[in-house]
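The chain below stands alone and is given in structure tokens; this is the form predicted on its own.
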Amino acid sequence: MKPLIVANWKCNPITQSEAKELFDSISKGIKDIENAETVICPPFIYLSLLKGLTLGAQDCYFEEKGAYTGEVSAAMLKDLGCQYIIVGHSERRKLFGEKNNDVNKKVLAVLDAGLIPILCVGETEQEREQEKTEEVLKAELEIGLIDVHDVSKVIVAYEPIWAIGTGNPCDIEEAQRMKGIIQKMVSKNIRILYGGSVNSENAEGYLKQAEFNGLLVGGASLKAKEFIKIVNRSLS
């Protein structure tokens, strides 16, 4: 199976022209790569501008339509050409108060729309220090996957919160151990990505040594040359 390299642009860049320039640079740099699948997850407002690569969204609402001011549904994102939707990212949980039950509703909505959810799980630094990592992951996975009848249709992204945007990535050996724990909790058939300070120097280690099925890339995906290097490292 091809490694899946997902770019999460978060709330960046500020202008349409910058978004288009970044997208086009990445597209040009990976146009001849066939042995990896690359997904770009820009802010909602840029999705209709970007053509030529697989698209994903950073979030969605769990209802298909209705009186939900400011929300965007999975059905709408599908109509825009999205194939993947990130759900349960730690920033959504922390900044917007999303609970495991909310994340579960979104997972189900994404599947109902015929799209692929990327379910993010991971522990805080405090939870890690208190040796609660497995407890946290178990709750996020068990509740997040309630009523999901075929878990192979879901992708899990292990993103230790203490590693996201800190320049302090998870140790390769520790990451590999966490991947094994997640697989035992869920299924051997599920695809698992690593995310958290991914760059071109450590990407190969997570894919080859830790045996993740792909990467969820944050800050490094905003630098076209760096992101292209990461995609290329996934092939080596």
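Don't overthink the numbering: it's just position in the shown sequence, from 1. None of the values given here were measured: they were computed from a predicted structure.
Although it is not shown, the form predicted together with a small molecule is what the next lines describe.
At a distance of at most 4.5 angstroms from the small molecule in the predicted bound form, all three residues 89, 216 and 219 contribute at least one non-hydrogen atom. The stretch in contact with the small molecule in the predicted bound form, judged by heavy atoms within 4.5 Å, is 162-170, chosen from 126-134, 92-100, 139-147, 162-170.
Contact between residue 40 and the small molecule in the predicted bound form is not found at the 4.5 Å heavy atom cutoff. Of the heavy atoms in residue 198, some are within 4.5 Å of the small molecule in the predicted bound form. None of the heavy atoms of residue 234 is located within 4.5 Å of the small molecule in the predicted bound form.
Taking the partner from the other structure, the small molecule in the predicted bound form has no heavy atom within 4.5 Å of any heavy atom of residue 223.
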